[in-house]
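Below sits a lone chain in structure tokens, taken as the form predicted alone.
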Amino acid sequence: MNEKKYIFDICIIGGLGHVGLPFGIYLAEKKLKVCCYDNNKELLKKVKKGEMPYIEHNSDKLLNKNIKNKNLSFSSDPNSISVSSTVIIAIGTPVDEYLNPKISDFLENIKALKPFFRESQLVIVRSSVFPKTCQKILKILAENINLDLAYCPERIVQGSAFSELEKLPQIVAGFSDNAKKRAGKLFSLVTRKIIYTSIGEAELMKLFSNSWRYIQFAVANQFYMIANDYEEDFDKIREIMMQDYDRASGIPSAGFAAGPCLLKDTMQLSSFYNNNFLLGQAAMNVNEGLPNYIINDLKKKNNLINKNIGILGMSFKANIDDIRGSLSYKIKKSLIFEGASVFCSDPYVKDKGFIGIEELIKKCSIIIIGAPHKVYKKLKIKNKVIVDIWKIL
């Protein structure tokens, strides 16, 4: 796959992110020459030493192996784009203070790198994007040169990249048959099944997928609130619903629906549909409102002023260290506003202000499970008020 005029088979823009780095390691493991380009120099120093900047299960050995065999390298020099036959765009798509997608920021990043793209390169967009964004990217990059642009959205669950990349079908869309063919050839090294679509289908599929999951979590969380207000156990009701009844098998358990993707993509879809995505908006109200519901429920039976309250788990999901969009921090902020003294603990998240699990249990009369880490399953907490919507204890 490596041509004489190129140094790298692959350059990943945003190569140290949660999407770019695991994919780069995986492709290097397939014996491709991969350069992860990123301008975060602090993370670059860490990764060059063979240290993962965040938890991605089964990644450490593969990272070090492919650095040593020189299949994987890292750079903050944008010229690494020019010397790569395929360029993968894996940069984030932020939202503004009004919860609208900041497409202009995303496109400005690409415009700034435009001089480094070359004739005949394959460019693959891997990020979640606002519909019609790929068309704008093509207009920017293909203004004076001919290149192949494909959209191949990432679909993995964070923390499980290396198992899911092989298992999940890959959506491949392109603005030309050649773009689809070249992208399909690359992903044939990754997964057995490739689904070819149009660009529009792929863009909407990605947003639909995350919005669907977000809505499902909202339904479960709304059911939890109803059952709890009725003084019944939602988890037990859910088990009864699912028992030998396949039509209810997809109901998730209650829990915080957070992180960098589900809410953001639901917002993107809502914005694209002129704020008429009513189910999405309702899901946002339910999921983002769950922390306040929990606090209001606590206030019915407890005076929170000057009360020591502990939060176990500050990451946005179980067994990882990513705090982006974590609703545990929203709970913390609201509890402080209510006059409580809040103590936090997380075995994965590094924060000087956090305390150990045992110390938190000893100090606090009320304990909230913010993320259902596996280590909490072994805890035996007595004589405390426990808020555990995950049912991990």
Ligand SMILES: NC(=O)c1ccc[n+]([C@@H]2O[C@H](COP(=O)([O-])OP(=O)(O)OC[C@H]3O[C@@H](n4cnc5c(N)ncnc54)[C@H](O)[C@@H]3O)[C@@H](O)[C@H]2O)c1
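Note that the coordinates shown come from a computational prediction; the quantities given were computed from them, not determined experimentally. Each residue number is its position in the shown sequence, starting from 1.
Although it is not shown, the form predicted in complex with this ligand is what the next lines describe.
Between 190 to 198, 301 to 309, 232 to 240, 85 to 93, the stretch whose residues reach within 4.5 angstroms of this ligand in the predicted complex through a non-hydrogen atom is 85 to 93. In the predicted complex, D38 approaches this ligand with a heavy atom inside 4.5 Å. Among residues of the shown chain, I156 is one whose heavy atoms approach this ligand to within 4.5 Å in the predicted complex.
By the criterion of a heavy atom within 4.5 Å, S253 is excluded from the residues contacting this ligand in the predicted complex. Taking the partner from the other structure, this ligand in the predicted complex has a heavy atom within 4.5 Å of a heavy atom of K264.
Taking a 4.5 Å heavy atom cutoff to this ligand in the predicted complex, the contact residue among S270, N287, S73, S127 is S127. The contact residue chosen from K330, K46, K30, R324 relative to this ligand in the predicted complex is R324, the criterion being a non-hydrogen atom within 4.5 angstroms. Scanning 285 to 308 for heavy atoms within 4.5 Å of this ligand in the predicted complex gives no residues at all.
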